[in-house]
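For reference, the chain that follows is the form predicted on its own, supplied as structure tokens.
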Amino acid sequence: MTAVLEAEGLSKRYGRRWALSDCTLSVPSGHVVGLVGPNGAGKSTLLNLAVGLLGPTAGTISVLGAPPAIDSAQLGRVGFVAQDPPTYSGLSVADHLKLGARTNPTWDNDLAARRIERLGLDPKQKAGKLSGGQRAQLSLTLAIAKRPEFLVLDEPVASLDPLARREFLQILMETVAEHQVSVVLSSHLVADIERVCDYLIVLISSRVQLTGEIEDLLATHHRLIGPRCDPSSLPENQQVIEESHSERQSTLLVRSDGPIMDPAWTIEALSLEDLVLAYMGQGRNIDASLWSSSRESE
């Protein structure tokens, strides 16, 4: 299957700090991809590299088989909505649609007009007078109406109230179903990822820690509860992601590429939130290790 986003050894440095380090991934087309990770993990950096707003320090990245923003045709194939809705407070809703039509050769004016009407936005209203949810919906409309093949959303609902967030995600899913758009959605709200995404990327400490279809990831991760044990005694095909122990009992979150046959374990399924939080907890250990190593080298 064709990849909409590919990176090989992709890195971005600001001064002495690496915002993204040795990122290698391949995102297949036809998915709604959830990009999750703690603040400062490099999510926005990765997406800004994908849309051509940043250039890499090292490594390569391609979108839809070509370098990001290499020409106007490539720009037209990608839609982008940032966390702070990219609208102009002094321009009206209608002015934004006119600007979109002038700057995008594949602009669908009928689609834009239908979206604005459905949202109940007054075309004469200045963007600066719109609510946060309305500005986000206007930004999504502008991104959709250019008829992109790939839609990149960088925490577009982070500042919205629950109702506005649900309305935004509903329109997003309708767009995916109607126009067959591939999507990457960055969010720290796992419930939103669970609602709309079928593919997951976990980015922690500027590195990719986990990728894959959500259904497959949940099927290969398990919580094991049983008598206290040394995690190193588990079979080689069971990778321990998270562990906790009491005097008599061990609770392990493991990734396994085969069935777990030991009858001593009680096996529980995981939610997506369980999975994401386990890897984020593992990421804290990585951060602590890196900090300790840097201190020892001083």
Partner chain sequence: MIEFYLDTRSGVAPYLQLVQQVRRAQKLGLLREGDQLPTVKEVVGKIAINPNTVQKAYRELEHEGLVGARPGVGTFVTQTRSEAALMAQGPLRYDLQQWFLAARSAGLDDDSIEALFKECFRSTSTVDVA
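Please read these numbers as outputs of a predicted model, since none were measured by experiment. Numbering follows the first chain given and starts at 1.
If you look for the form predicted in complex with the partner chain, you will not find it shown, but the lines that follow are about it.
Out of the listed residues Gln170, Thr103, Gln74, Ser159, Gln170 is the one that sits within 4.5 Å of the partner chain in the predicted complex by at least one heavy atom.
This chain appears without its partner; in the predicted complex, the one residue of Val208, Ile116, Ala127, Val176 with a heavy atom within 4.5 Å of the partner chain is Val176. Residues with any non-hydrogen atom within 4.5 angstroms of the partner chain in the predicted complex fall in just one of 128-136, 189-197, 87-95, 142-150: 189-197.
The closest non-hydrogen atom of Pro231 lies beyond 4.5 Å of the partner chain in the predicted complex. Taking the partner from elsewhere, Val32 is found to have a heavy atom lying within 4.5 Å of the partner chain in the predicted complex.
At the 4.5 Å threshold, heavy atoms of Glu215 reach the partner chain in the predicted complex.
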